[in-house]
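Have a look below at one chain only, the form predicted on its own, in structure tokens format.
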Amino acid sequence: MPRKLLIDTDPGVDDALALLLALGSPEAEVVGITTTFGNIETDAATLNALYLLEFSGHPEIPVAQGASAPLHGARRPAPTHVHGENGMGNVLIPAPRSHPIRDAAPEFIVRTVMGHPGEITLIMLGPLTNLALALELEPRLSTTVAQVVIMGGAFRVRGNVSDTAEANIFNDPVAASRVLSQGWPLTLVGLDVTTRVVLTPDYLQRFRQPPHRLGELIWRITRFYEDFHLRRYGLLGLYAHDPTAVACALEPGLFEYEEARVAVTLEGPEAGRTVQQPPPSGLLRGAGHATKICSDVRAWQVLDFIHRRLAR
């Protein structure tokens, strides 16, 4: 039976690839999308999500618009130098015909998870604001959700917005701290593994052979993002941050894990830093869940998984 996924996202080029990956995976049933700020403003993220669903032939999947700013403090400017002015690498896309549902993202998360106890996997690809707000509405989420997979954090590698912080955690550290302190079945897919999964130019070209709509879209939206990686990191290709998180949710055996508590630095020059701490002994006896941190990845198998699903 396909795994039911609710995806929270701020597309964003790699978010777009992750959504296309989830929609193209027969082992997944995407039951909804919620949108947030981060790579782009929330209104634009919602339009991008609606467009990607229509492009993929799934306009029936509901989209709920969510937070436009962090729980505390000002929203930081969108990184247009990374994902382009529209989040899609400056590729012009048609306006979607569909619209977001009336429910805001936190309400939709609550309604979906509580309506399907033990069945919903939440995949969080942006700042964790929507999920923190959903927890305020319904604290039982932490015992009702099947799993939470978060693309976020950096432990043994440098951050991508500061020396110590990864962007999704950095953009709302208060929300991240609340989410990571719940003791629920949660997996962090951080920069320690996502920077090891690189989509090279040759790899991306393969989606265009033979020519088809999806392969051409992937190629076009990744041009700007690939150029950013070359300028910023000297990398020929691009990091598959969010597709790696989707792969972890659907093929967890491709990863190695460490169990820990995770603390988040809330302010100061290291705001957004994720700190790994030993799990409390009670968790080891089964009283709750320690966070699983991805510590290693079979990168070539993840790349093969992504290609097989997107080339279907």
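Throughout, we count residues from 1 along the sequence that is shown. Source: prediction; values computed, not measured.
Heads up, the form predicted in complex with a small molecule isn't pictured, but that's what we're talking about next.
This chain lacks the partner; the member of 193, 148, 175, 151 within 4.5 angstroms of the small molecule in the model of the complex by a non-hydrogen atom is 151. None of 89 to 97, 130 to 138, 236 to 244, 109 to 117 except one has non-hydrogen atoms within 4.5 angstroms of the small molecule in the model of the complex; the exception is 236 to 244. With a 4.5 Å cutoff on heavy atoms, residue 35 does not count as touching the small molecule in the model of the complex; it lies far away. Among heavy atoms of residue 160, some come within 4.5 Å of the small molecule in the model of the complex. In the model of the complex, no heavy atom of residue 204 sits within 4.5 Å of the small molecule. By the criterion of a heavy atom within 4.5 Å, residue 123 is excluded from the residues contacting the small molecule in the model of the complex.
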